[in-house]
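Next up: just one chain, as structure tokens, the form predicted alone.
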Amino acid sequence: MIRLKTLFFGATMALLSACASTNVDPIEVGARPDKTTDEAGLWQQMDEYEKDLRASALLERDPALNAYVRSVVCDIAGEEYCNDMRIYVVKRPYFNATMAPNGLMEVWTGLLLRAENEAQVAFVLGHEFTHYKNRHSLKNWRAQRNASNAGLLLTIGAAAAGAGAASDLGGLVALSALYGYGRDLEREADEEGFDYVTAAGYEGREAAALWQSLMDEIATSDSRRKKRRVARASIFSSHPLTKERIATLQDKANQMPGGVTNEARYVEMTGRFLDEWLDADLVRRDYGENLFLVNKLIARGDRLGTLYFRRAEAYRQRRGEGDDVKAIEDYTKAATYEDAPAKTWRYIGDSYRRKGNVDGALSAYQTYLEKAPNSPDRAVVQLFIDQNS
């Protein structure tokens, strides 16, 4: 027992000396960490990641969209900090944006698809900018390392005391402390990010509206696990409880004057990507969430040909009871709008063909080939036309 206690005392001294402070100042404009620090190591890892990202096929390289997203970031962060950041739009169908300690920001297309206006996107980007400016990555890294050291201390201490079961408890306590600290950082990013966004003139109420819309979407998910994860509190959740988050943001907004949403500009800049982004979202095969998104966009009243086509695609691929009827109804609706994708007429033709309506199929297929003369299935469609004309 004495030997174990001696081991515990020695380990305590070694581990405590390895603990690093999580009390760090905000990053200064143009700053880079000293090469001998742990922060420099984090930057180096992200520098390497960024090199790979620049060459990735996942990057959305449309110049106008990238310039637009960057302009929103710069409005929030200010030109000086903006010069230290590189913003990349990434083709991922999930609601997310990330901010690395070296100034790398990723904005995922799933976020741009779900936001209803510029103010909502600005809130997320302001949240991420706060992570960067306040050096949250460094704080979190050091907190994880310190918590790991603390967990090891508790395990050694339990062994010295002869209480094996207490070592498991020690690990749990360390983990809960770590993730509780993460919730604090998320609250800080929410609140300070909100201040940056409203200072830039955006409508503060859109922050809570965005989070509420995301909750409503998850409630329609085909995944029971996802719905349970959001509905329950957990010490292992890195974000604040959703209801608390909405209430806090709403309270802050109620104390602020109104601002702009720039919805018309947002719709103009993102509208032409809706077909691509909704198609990518459908690959997730969560039809409940996909239909929620499409219906929300239909209610906006813009690009209805594209959106009725996308809803028809969700029904066609889901293949639930009555979905075949719903799909053809929406393909037919889509065909009345100029922005309907060419494949609308391909699927209308397929429907007529299954029903034995050869004339209807011929008309739809001919329209399809006129709109998509280089389609990969042209030979198959043309063969049907030739055989039945």
Partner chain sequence: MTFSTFCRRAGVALLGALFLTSCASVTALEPGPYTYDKAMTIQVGETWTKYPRVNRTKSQGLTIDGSALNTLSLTAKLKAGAPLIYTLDREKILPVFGSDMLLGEVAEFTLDSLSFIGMQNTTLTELTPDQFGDVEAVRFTFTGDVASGLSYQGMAKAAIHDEQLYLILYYAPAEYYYGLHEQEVQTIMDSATIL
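Just so you know, these numbers come straight off a predicted model, no measurement behind them. Positions refer to the first chain, counted from 1. In this text, the rigid core denotes the largest set of C-alpha atoms whose superposition between the two forms falls within 1.5 Å.
We do not show the form predicted together with the partner chain, though everything after this point is about it.
Just one of 32-40, 63-71, 49-57, 332-340 has residues with a heavy atom within 4.5 Å of the partner chain in the predicted bound form, so point it out. Partner-contacting stretch among the options: 49-57.
In the predicted bound form, the residue from Arg265, Lys91, Arg86, Arg145 that sits within 4.5 Å of the partner chain by heavy atoms: So the residue touching the partner chain in the predicted bound form, by this definition, is Lys91.
The partner chain isn't shown here, but in the predicted bound form which of Asn295, Gln250, Gln317, Thr242 has a heavy atom within 4.5 Å of it? Filtering the options by heavy-atom distance leaves Gln317.
Flag Ala299 as yes or no: does it have a non-hydrogen atom within 4.5 angstroms of any non-hydrogen atom of the partner chain in the predicted bound form? The answer is no: Ala299 has no heavy atom within 4.5 Å of the partner chain.
Can Arg353 be called a contact residue for the partner chain in the predicted bound form at 4.5 Å between heavy atoms? Yes - in the predicted bound form, heavy atoms of Arg353 and the partner chain come within 4.5 Å of each other.
State yes or no: in the predicted bound form, is some non-hydrogen atom of Arg285 no more than 4.5 angstroms from a non-hydrogen atom of the partner chain? Judged by the heavy-atom cut-off of 4.5 Å, Arg285 is in contact with the partner chain in the predicted bound form.
Closest heavy atom of Lys226 to the partner chain in the predicted bound form, within 4.5 Å or not? Lys226 belongs to the contact set for the partner chain.
Is it true that Trp345, Pro373 and Ile385 each have at least one non-hydrogen atom within 4.5 Å of the partner chain in the predicted bound form? Negative, none of the three is within 4.5 Å.
When the rigid core is used for the superposition, does Tyr352 move between this form and the one not shown (threshold: C-alpha shift of 2 Å or more)? Superposed on the core, Tyr352 moves its C-alpha 2 Å or more between this form and the one not shown.
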